[in-house]
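There is one chain below, alone, in structure tokens, taken in the form predicted alone.
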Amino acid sequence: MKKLILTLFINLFINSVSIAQCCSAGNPSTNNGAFGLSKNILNVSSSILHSYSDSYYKDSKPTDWDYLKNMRFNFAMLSLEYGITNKVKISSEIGYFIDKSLRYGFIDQKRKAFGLGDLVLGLQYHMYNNRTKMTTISPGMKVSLPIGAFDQMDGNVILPVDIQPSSGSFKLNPTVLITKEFIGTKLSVSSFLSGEFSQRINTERTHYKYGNLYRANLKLIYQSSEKLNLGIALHYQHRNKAESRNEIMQYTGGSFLDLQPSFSYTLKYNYTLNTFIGIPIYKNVNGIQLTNKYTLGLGVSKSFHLKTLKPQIPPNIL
């Protein structure tokens, strides 16, 4: 009986204190703004993302708050990108949470979710290309469709919004990619800007509105060899406060800055191996929140040239 009362108290507490900006519902961000596809080129990639969180922050300083011992997820994703023309690219991604869980800090109890995340469809346009300045600008738009499970329960307890596999909400993500190369060097730089605007969730159990999310990613890339690219990026994100049942949740939202080393290596048969690590270097949250300790990503991709189908009957016969 005491354990039941304690569990109910914990779940009530979670409603007022955000458990993790690092593990919000829906597909995790991959910060992928690369264009680089020509007409009839199909790029297929699969990746695994792992995130772990175990530190509470109050404003911009760590605190010894310990209601949750840790939180983590393992997410498998499949992505497709296709060049309709040399200027227009379409994309899609879908993923599955193998494990998305939290563990309480003062009782031996774990809550776990798993299942499909969101389906993301995207369109990107190669709007500006200055060959003299070696600069390109490519705006785009993505839409997230909540096809996975939401309001998922663990036993008789409904899981917090932040560890639901699907976001439960339609989302719009306008994006802009700016790239710049430097003559006579192996260096290039890219800037990827995006926003996220979510529809209010109204289900039998949940009435929730995610705060708007704004991201800025600045990446420096060095082509070490024909096969190896090394990268270092600064990734900034700011999320506004969320709403629950039309009330502002004071312990949600904040600003975060990550350092992201990465590399990509071309293998045989045009397979490319990609990996990155996200290391938080600045956090400033509203109230007290569990924050991310690190994020790891590992993926492999391959491009295919889809040729236009030729007539089965030779023209001279017709």
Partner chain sequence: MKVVTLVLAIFGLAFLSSCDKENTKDCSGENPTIISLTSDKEEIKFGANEPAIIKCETPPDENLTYVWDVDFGDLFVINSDGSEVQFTASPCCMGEKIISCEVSNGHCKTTESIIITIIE
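Positions refer to the first chain, counted from 1. Computed from a predicted model, the values in this text were never measured in an experiment.
There is another form of this protein, the form predicted in complex with its partner chain, and it is not shown here; the text below is about that form.
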| its partner chain isn't shown here, but in the predicted complex, which of 122-130, 224-232, 179-187, 72-80 has heavy atoms within 4.5 Å of it? | 122-130
| request: Could you spot which one of Met134, Leu116, Leu218, Leu172 gets a heavy atom to within 4.5 Å of its partner chain in the predicted complex? | output: Leu172
| said: Considering non-hydrogen atoms and a 4.5 Å limit, which listed residue (Asn240, Thr206, Asn86, Ser191) is close to its partner chain in the predicted complex? | reply: Thr206
| Might Thr252 be said to contact its partner chain in the predicted complex, defining contact as any heavy atom within 4.5 Å? | yes
| said: I'd like to check something about Glu93: if you look in the predicted complex, is any of its heavy atoms closer than or equal to 4.5 Å to a heavy atom of its partner chain? | reply: no
| Contact test in the predicted complex: Tyr214 vs its partner chain, heavy atoms, 4.5 Å | no
| query | Going by a heavy atom distance of 4.5 Å, is Phe276 a contact of its partner chain in the predicted complex? | reply | no
| request: Taking only heavy atoms into account, state which residues of 149-180 are within 4.5 Å of its partner chain in the predicted complex, ordered by sequence. | output: Phe150, Met153, Asn156, Val157, Ile158, Pro160, Val161, Asp162, Phe170, Lys171, Leu172
